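Next up: a single chain in structure tokens, the form predicted alone.
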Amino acid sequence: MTLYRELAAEVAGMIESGILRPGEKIPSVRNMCKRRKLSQSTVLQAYHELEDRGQIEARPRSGYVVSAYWKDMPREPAMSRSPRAATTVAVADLVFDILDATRNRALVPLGSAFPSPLLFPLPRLAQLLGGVARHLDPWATVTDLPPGSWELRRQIARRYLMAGVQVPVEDIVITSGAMEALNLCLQAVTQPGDIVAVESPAFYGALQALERRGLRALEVPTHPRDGVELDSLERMLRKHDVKACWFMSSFQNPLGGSMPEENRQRLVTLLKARDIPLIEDDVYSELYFGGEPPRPLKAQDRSGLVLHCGSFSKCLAPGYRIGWAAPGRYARQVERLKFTASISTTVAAQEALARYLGEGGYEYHLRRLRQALQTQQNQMLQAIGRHFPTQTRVSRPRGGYFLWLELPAAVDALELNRRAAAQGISIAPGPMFSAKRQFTNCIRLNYGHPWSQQIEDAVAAVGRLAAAM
């Protein structure tokens, strides 16, 4: 047993025996390191594992405490099992049918792909956007053609530097949201008919992109806590001619898993040895809970094979559709593809975001947003524990705003979706996250909206429907 798992088991035993009671603080990371002569990363891994089990929770400025609800928390889902062969993708009709329903504002948005817009500083952004529009240099419509606004790219490069990654401003391409960045990167490294490795379950937008480009999906087993299962991936790479990988390293949609640091290093090394490009979909990385932000896979890349894609849509400015790619050795190719695809991203929105980032209030906003999301996650986990069948398993991500639920085998997620919609509630059924339409008894729920009686009632209603099935 590894050191961090030994420590996690010891603390868990103290909680389960009642030595540490609900609401009590556990030893701080610093004290535990000193007393046990362990590294900070070892103690943090142990505490993160206890968080994932629901036994402890991080409190802002207070450290870790024993959760008041750990006995009621459902277990985690099992790791996925994936088809061994590459799959032709045909998910578009199913995804669009489900997404059409989520646009209805009358529905309680448990199935939404977006957090509440009320969590973002939209009034300040609107002020900046208005000022930029009034005083915009007419020549900016020409000079800010791809790769995009220099100042915005400079601000993004600064944030990379804060994460320990050196990305030249010249290698950043501004796009119309992360989906355009991801699609352009996919186009740069594949040809129709190629095999692309994706997570299982996978973000449905990735599956749609593969389908549109005539690519085949190789679905890799994925753990709800630690992300892509690397032993399985390595076996698949020996058997299949994989041309690219598309993975979410942090708070994967829909599972919520986040790759441990050692797995990130191993993944990049594994792909480098085979010269396989990796498209890193990293739109949730700013939404981490606790004190340590995840480092992108890009931080391990020394060969330019990681095409890192990000966005401000999930953490600052939904609706502005500002994303970017840092595509490494493919930067010039992605820049040209951007020009031919959509010429330019809205100049005024780029400049407004650049000014907001330059003001220095972004970190304050992110702290508040992370605290709100963590509180809302705890509220939804508790509600699921109260209202869903006892066999239900639930993920416990350390960031983002999605929970993945594995329901009893008899529950048909598509039928559950129809019944929930009839009661004014949207959910995201599992089959939309698989090229093979697997996960028929799974759903994804969004906790990115401020908790209310309406949301509590909606969770209870979905739980009752699942129990009845």
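Predicted model, so just to flag it, every value in this text is computed and none were measured. The first residue of the shown sequence is 1; numbering continues from there.
Beyond what is shown, the protein has a form predicted in complex with another copy of the chain; the following relates to that form.
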query = Quick one: does M162 come within 4.5 Å of another copy of the chain in the model of the complex, counting heavy atoms only?
reply = no
request  = Verify the contact flag for R105: yes if a non-hydrogen atom of it lies within 4.5 Å of a non-hydrogen atom of another copy of the chain in the model of the complex, no if not.
outcome  = yes
Contact label in the model of the complex: P117 to another copy of the chain, heavy atom within 4.5 Å = yes
task = Report whether the minimum heavy atom distance between T340 and another copy of the chain in the model of the complex is within 4.5 Å.
result = yes
task = Have a look at 230-238, 146-154, 253-261, 290-298 and name the one stretch with heavy atoms inside 4.5 Å of another copy of the chain in the model of the complex.
result = 146-154
request  = Sort through T392, N183, T87, Q382 and report the residue having a heavy atom within 4.5 Å of another copy of the chain in the model of the complex.
outcome  = N183
remark   = Of S200, S311, T345, S249, the only residue with a heavy atom within 4.5 Å of another copy of the chain in the model of the complex is T345
query = in the model of the complex, does each residue in the set R5, R81 and A372 place a non-hydrogen atom within 4.5 angstroms of another copy of the chain?
reply = no
remark   = When another copy of the chain is considered in the model of the complex, the residues of 294-332 having a heavy atom within 4.5 Å of it are P318, G319, Y320, R321
